[in-house]
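The data below hold one chain only, encoded as C-alpha cells and taken in the form predicted alone.
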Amino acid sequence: MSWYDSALLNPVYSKALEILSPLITETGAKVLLALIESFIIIMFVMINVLVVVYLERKLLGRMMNRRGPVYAGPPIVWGFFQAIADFLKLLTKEVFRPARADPLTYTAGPAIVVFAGLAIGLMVPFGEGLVGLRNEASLLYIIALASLEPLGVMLCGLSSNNKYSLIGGSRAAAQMISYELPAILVLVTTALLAGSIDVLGIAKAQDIWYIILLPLGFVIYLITVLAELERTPFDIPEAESELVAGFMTEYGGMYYGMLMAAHYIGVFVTACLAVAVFLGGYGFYGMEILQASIHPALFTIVTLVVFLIKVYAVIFLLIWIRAAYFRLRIDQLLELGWKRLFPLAIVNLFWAMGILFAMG
C-alpha cells in the first residue's frame, strides 16, 4: 500500500504511469514515482514540523509572557518572523567541527537521528489510504527505528572530543534505554488488544478508543515520549546549567539545525503514533455514514484533517507540560523509569489481558 492507492492520488498516479512508461519503461516509471511519493511524505512531515516549531514558540511565548515569539512579524502571523530569523541564523553560520573530532561519526550522528524520525513518518496512517509503507508488522519496524536514535545521540557525544558532550551523550543513552522498555510494553499491549502488530490495523480495531480502555497506558506512553525526546522535565542530557548543551555542544550551523529538526520530527511522529494506537487514528463518529455520502477523494481529505486535529491536540499537551514543569535530577529520572513506569507498564499489560478475557 502507498499514498498512490488513495482515492486522492490514484488518478494522478495512473496518469503519470501512463505518460512515463513509454519513456523509461514501466518498472522505471514505478521506481521514479515511488521516490516522488517518499519525497512528498517527507515534505509533508517537514511542513508539519515547521508548524510545530511555530506553535511551540507561540504557545510558550503566551504561557511565559515572552514578547518576541508572540509579536515578531505582521499581525496576522505574529511570532512567525522569530522562526524565520532563527532559520536564517542557522543557515548562515559557519559549519565547523573540532580539530580532534572523528569526521565520520561526527556527521553520521545527526544523520541517523533525522533518518529514524523520517522513516517512522513513512509508516504513519495519516488518512484513508495515506500510508506510505504498509506492512503487517509496521509497529515492530517503528520500534526498531526508534531504537536507532540513542545510537545517533551517543555517536554525537563520543565523536565531539568534548567531556560535556560525552557526559550528555551517556546520559541521553541511559535515559532513552530506561524509558524504551515501558514504551515498548505499552505499544505491545495495544497490539495485543487489537490482535495486530500493524499500526493501521490497531487504529481500525478501536471501536472504543484505547485511551478509554487503557488510560494508564496512554499516560505511560506520554511520559516515555517526553523522556525519549528529552523534553522538559526530562531535558537532562541538554542541561545548559550543567553541560552547556549536552551532546550538541560542539555542533553549530546546519549540523545543529539537523539535530533540532530531528527533535521536532520526533515530536510530530510520536504524536502521530499516539493518535494511531490510542485515539483511533483517523477514525471518528459517523465515519461510515460520511464515507458513503461523499466523494472518496474528499473523504480522504476529511480523514487527513481529523487525524491532524488529534495530532495537534497531543502536541498541545506536550507543549503545555514543557511550560508547566521543572527539570528532574538524573537519579530521579532513572528511578521513575525503572521503579515506577516499568512496573506500571506490566500492570497495564495485565489490565489489557483482563479486558480480553472479559470480552471473550
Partner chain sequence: MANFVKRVIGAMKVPAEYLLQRPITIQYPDERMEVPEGYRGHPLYTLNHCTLCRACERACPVNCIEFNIETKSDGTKYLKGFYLDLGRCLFCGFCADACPTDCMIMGPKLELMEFERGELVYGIKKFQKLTKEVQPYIRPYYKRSHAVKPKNCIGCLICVMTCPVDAISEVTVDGKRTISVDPEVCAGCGHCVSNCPGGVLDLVEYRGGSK
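Keep in mind that this is a model prediction, so the values were computed, not measured. Numbering follows the first chain given and starts at 1.
If you look for the form predicted in complex with the partner chain, you will not find it shown, but the lines that follow are about it.
When contacts are defined as a non-hydrogen atom within 4.5 Å, all of 67, 320 and 323 contact the partner chain in the predicted complex.
Contact check for residue 71: a non-hydrogen atom falls within 4.5 Å of the partner chain in the predicted complex. In the predicted complex, residue 316 approaches the partner chain with a heavy atom inside 4.5 Å.
Although the partner is absent from this view, residue 295 stays clear of the partner chain in the predicted complex, with no non-hydrogen atom inside 4.5 angstroms.
Of the heavy atoms in residue 59, some are within 4.5 Å of the partner chain in the predicted complex. For the residues 309, 31, 47, 63, the 4.5 Å heavy atom test against the partner chain in the predicted complex is passed only by 63. None of 301-309, 34-42, 323-331, 287-295 except one has non-hydrogen atoms within 4.5 angstroms of the partner chain in the predicted complex; the exception is 323-331.
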